[in-house]
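Quick heads-up: it's one chain on its own, the form predicted alone, in structure tokens.
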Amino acid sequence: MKVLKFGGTSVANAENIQLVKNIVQKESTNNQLYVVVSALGGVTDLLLNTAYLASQQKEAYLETFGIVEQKHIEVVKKLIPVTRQSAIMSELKRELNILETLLEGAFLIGETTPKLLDKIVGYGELLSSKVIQAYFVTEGISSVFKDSRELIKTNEQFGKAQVNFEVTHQNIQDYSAHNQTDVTLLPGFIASSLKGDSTTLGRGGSDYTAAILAAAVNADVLEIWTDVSGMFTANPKLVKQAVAIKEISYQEAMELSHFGAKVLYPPTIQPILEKEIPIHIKNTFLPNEKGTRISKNTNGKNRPVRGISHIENISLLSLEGPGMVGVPGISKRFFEVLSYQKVSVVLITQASSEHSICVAVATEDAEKAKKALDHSFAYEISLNQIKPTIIENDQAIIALVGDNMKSHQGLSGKMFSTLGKNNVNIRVIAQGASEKNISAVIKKVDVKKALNTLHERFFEENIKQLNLFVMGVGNVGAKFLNQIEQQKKYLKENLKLNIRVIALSNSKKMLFQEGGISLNSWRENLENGEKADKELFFNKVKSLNLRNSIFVDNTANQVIANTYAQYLKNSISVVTCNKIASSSAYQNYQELKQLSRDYNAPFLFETNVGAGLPIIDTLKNLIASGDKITKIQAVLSGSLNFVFNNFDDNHEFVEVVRQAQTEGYTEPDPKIDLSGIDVMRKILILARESGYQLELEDIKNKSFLPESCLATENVEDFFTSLATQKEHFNQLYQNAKENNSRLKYVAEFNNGEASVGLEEIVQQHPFYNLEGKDNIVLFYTERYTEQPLIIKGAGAGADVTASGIFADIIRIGNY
């Protein structure tokens, strides 16, 4: 014998009911079935709204009542042949007339009592079950209708009545003993008091109806048919990577359903727990999928956390004050007040100092609870011994659930550190002695981020998802995106990193796709994006509130550099090749570094010096290990090195600079490179990362450019000026040639002072043979005194700069 329950989505319309018929027809070939059904999709809410309108004496209630009536008539017309409709239509009309009378009563007296409301809302299940049973008969299924109100007896707590199991079980067993029909159709949700008044078992009570029946008839299994393929490791609407749990224990299922897993009504398990009747949650629309089996024994011992659940629309109520310390009975009074107000407490925590009590309740009950508590403790409040009750709205509860969590150490630490790394602030923590769940109250806006972060940590083989928001898709940006696409599989398999690009922007357009932008067609998609707006870009990044968010700046734009602080303040990491921020005023540089620490959001700028070379990272490691920088000598401009390595008797200086710009070795404005500003910024950053406090104006710039070149106001004028100064540049080259030297633009930091300038380098110097666009850095430290630590390699170019940005992204992934 089986009990099958079909929820509202399963019987939402005629098409879905046909699927239900197919399932029942198949299951009934070898089993006697009790089939419990919910109301047609949306009908319960319609009935509640109709009752409300009637109680407000608004004649619009007749319109919504008409919708309810039409829904059922349409289903009958679609499912049952015209020649066989008369009987069910007559039955529908009779029940609808009674319902209309009840609503008219509410309209006339201008109110609905809980008792009357139970009668009204129960008609959803009553009507659907009668229609479905009539349809089954026309399809040749041997079936009868049985009114659940005749079997399930309750007290008179209307709205959420308590079942009298002794009487109920006897009624069901007496009926079952004489029932020979293959399929018995019963309405879920509804019952009746011992006096015969209609009652309801609470929203979601159809599951409960089915469980009560299963326990009474000792069913082989209770099948809950719904619109998802079982209980999931997390809400699949919020966590795309969530998967169905094949097997789970009764206790785990109860915990998950209590904490918001809507697949199962929380009280459902209780009636069948003692008899160990398994529950099977199945998908009406994918009946061949395995779903979730809930039973006493499961195979989940190897995975301590079986699921992550949450409850939204939670408020925190806090009662605190010195007058609570050491005073017996405060907690008793506190919870009695809530009990009298019928306020359900979802979570409790109390400080060991007895200075405060904090509970989580449904937001809809918060104001009522505060009013009652303030009234109860009015005397203590008047003496300033206790503060008025504090309400904090817009909260949510998240919970890790698993029977075997108690045998695995460190789960709480993993949970809280994982949330902390994404700046999910935890307001309250609760863990029962059974250690079957760990619960925490967080801000409602952080729910999606928290669920995804925890799911990634406990269920996804430690594959970490990084969400990138990329500003600037020119030479460097385009190469960067290409490298991500190329390495995606490698990163996932070897580094356990899943990198998604969520947003792109250039100076004209921006594009957001929460599920990730396809990097095969990003150019076309960006072209069709919305108008670029840096403030709107930031606001969208913030509102998405994704875990492991990283803002990537591939521009050289001052305005963009000024936005870093607002990203960091929202726990969004920043990776940039833009040198402006780190070489700005020392106070701003320090503020960004401090924000990075305060909000646990890395601020990385390896490519600010040496493109893809690990110069800054090496420097950081030296400092972290206790070494001290005493001197730095470096050729830090790949573009200038390229220029002076290619400038000779056969090439004019202006031609070589144009070539460097065309090949992407210089900034868009080459004057930034040739004026020395770019190198000044780089040596400044190295000095600051070495622990010294310097400003840009503290650096001595020995410029090789004539004043007329420096005075130009745009790129073309700058190139024209370079051409007119041909003799000046030729003379610099000839002087070096005569001295058997080569021209190199050198940056130096020594004894707290920094300078940059063009120098003639002799053959014995490490800089002499530096070719192409290469950079070289010599670090002299307290450990490297005579022979410096040398870093050498390509220091310019879109490819290597992109790889440096990529390396910073990976550093964050491994953080």
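What you see is a predicted model, and the numbers here were worked out from it, not measured in a lab. Sequential numbering from 1, following the sequence displayed.
One more form of this protein should be noted, the form predicted in complex with a small molecule, which is absent from this view; the next part is about it.
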### Query
Exactly one stretch in 197 to 205, 715 to 723, 371 to 379, 633 to 641 has heavy atoms within 4.5 Å of the small molecule in the model of the complex; which is it?
197 to 205
### Query
Just one of Glu252, Asp118, Asp553, Glu125 has a heavy atom within 4.5 Å of the small molecule in the model of the complex. Which one?
Glu125
#### Entry: The single option of Ser28, Ser55, Thr64, Thr44 touching the small molecule in the model of the complex, heavy atom within 4.5 Å
Thr44
### Message
My question is simply whether Tyr665 lines the interface with the small molecule in the model of the complex - judged by any non-hydrogen atom within 4.5 Å.
### Response
no
### Query
Hey, in the model of the complex, does Phe189 get a heavy atom within 4.5 angstroms of the small molecule?
yes
### Message
So in the model of the complex, is the small molecule close enough to Asn775 to count as touching (4.5 Å, heavy atoms)?
### Response
no
### Query
Using heavy atoms and a 4.5 Å limit, would one call Ser38 a contact residue for the small molecule in the model of the complex?
yes
